[in-house]
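Listed next as structure tokens: two forms of one protein chain, kept apart as structure 1 and structure 2.
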Structure 1
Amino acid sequence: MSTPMPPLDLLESNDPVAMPKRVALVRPDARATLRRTEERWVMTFPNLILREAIVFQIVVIALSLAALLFNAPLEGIANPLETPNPSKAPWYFLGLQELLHYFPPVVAGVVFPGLVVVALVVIPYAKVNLSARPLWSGDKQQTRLWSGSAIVLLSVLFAVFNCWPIVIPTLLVGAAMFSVSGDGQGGHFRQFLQKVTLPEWIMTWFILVATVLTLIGTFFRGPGWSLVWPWNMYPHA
């Protein structure tokens, strides 16, 4: 709070008594502090690059130790006159090969991988990825409507083709999402799920589906791409 402006002749005077004075009211418990501002953006270096370099070194060391301690599970020399049954792709393509069992080749080999690539390109530019808010922090009724519709649509679509390795993870992720949609505190794990954002839920679903498909194609597909137990993969002649 300041005093009224004095006359012009007092302003031109050099008398310290005649100079205007400002009076400020300060609470006794107030302390001088700096205003803190939240930054939306951080520099890529060093905040990201150093972390990636550390993780890269850890992965290289872990792979080197694994290579020294364990032999690679290689098979015999390939014979061009004999095709193995089942003929499996490398493990990182077994998820797509598993999809070929349920869908036409164009859908499993072109449409689905194309949609994944497009999603990986588009999602970083989506506005929902910038907000980074928990899924249930906004309008819960609207979130229940569109998320429930998406889960039911995906489940029905894949169930029509009997693709249960995708239906079951979709229902599990949906159940985990809706288990924290209410207003409740709960334990530490529930509080952790309440903070999960929409991009994190989508990535969790994608990783879970890819893992299930890869495991089935690796350990549970035998001759003729039939379902077998891992210990019956290669029956004795």
Structure 2
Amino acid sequence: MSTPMPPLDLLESNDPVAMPKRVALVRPDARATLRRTEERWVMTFPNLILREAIVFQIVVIALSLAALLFNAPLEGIANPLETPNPSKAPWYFLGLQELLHYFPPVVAGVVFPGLVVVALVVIPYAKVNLSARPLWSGDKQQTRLWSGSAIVLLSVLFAVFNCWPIVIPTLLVGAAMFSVSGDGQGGHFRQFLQKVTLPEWIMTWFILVATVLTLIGTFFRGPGWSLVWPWNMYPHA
């Protein structure tokens, strides 16, 4: 009489380290390595759908509050004979309008926006940032040389046009770039900066410039496109 086999327990787990599911053949000359932990999956309904509904509700509530508290602007009827002073485009074009103050229209209105769109489209195809190699991970001397000259060149170019709202962010981003060019160890922020890649530096520069230009155009430009404080923007006639 043989003893009956004990009943098998089926164990379920998502943790492959604790509960490996697949048995692999490990050759004696290789070590068993774990490529990727198995991911947890959840049902889209209700987990994702409900969250989306919540986002929608929050947006509707926030917009309703804004609509109750702030009125959309409405000025006098359009008059082709009378240009209001100052006359401004919607906020997302004010950076462009600010550029028009410094550059000829064909440069500010056509070349710059065109370059931005082309650069955006090219990003995924030019293999930008695929390897995510930090800027300062290679030959530091060479990186210092070309990135330094790029920053100086850009600054001089914009300074020729007296476009200080671009020169200053350029120099700031350049300073941040070079602050981690050395080998020294530092706090969390320094370690974070050391990991930043070149495309990320460029994008950060672009966002900073766009933000500065938009803020100046929105809040600091008064009659005759002169620099004013926000509270003096519309002087009483």
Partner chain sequence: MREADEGMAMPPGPNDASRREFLAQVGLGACALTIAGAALTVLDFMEPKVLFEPPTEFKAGNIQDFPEGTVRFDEEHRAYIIGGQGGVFALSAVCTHLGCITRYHADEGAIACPCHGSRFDVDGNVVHGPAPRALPWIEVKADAEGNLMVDTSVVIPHGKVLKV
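Small disclaimer: the values here were computed from a predicted structure and weren't measured. Under this definition, the rigid core comprises the largest set of C-alpha atoms superposing within 1.5 Å between the forms. Residue numbering: sequential along structure 1, first residue numbered 1.
Name the structure that is the form predicted together with the partner chain; the other one isn't.
Between the two, the form predicted together with the partner chain is shown as structure 2, not structure 1.
When the two forms are laid on each other by their rigid core, does Val106 show a Cα shift of 2 Å or more between structure 1 and structure 2?
Comparing forms between structure 1 and structure 2, the Val106 CA shifts below 2 Å.
After the core is matched up, is the C-alpha of Ser87 off by 2 Å or more between structure 1 and structure 2?
Ser87: C-alpha displaced by less than 2 Å between structure 1 and structure 2.
Does Val156 show a Cα shift reaching 2 Å between structure 1 and structure 2 after rigid-core superposition?
No: Val156 shifts by under 2 Å between structure 1 and structure 2.
When the rigid core is overlaid, by how much has the CA of Leu63 moved between structure 1 and structure 2, in Å to one decimal?
Leu63 is displaced by 5.1 Å at its C-alpha.
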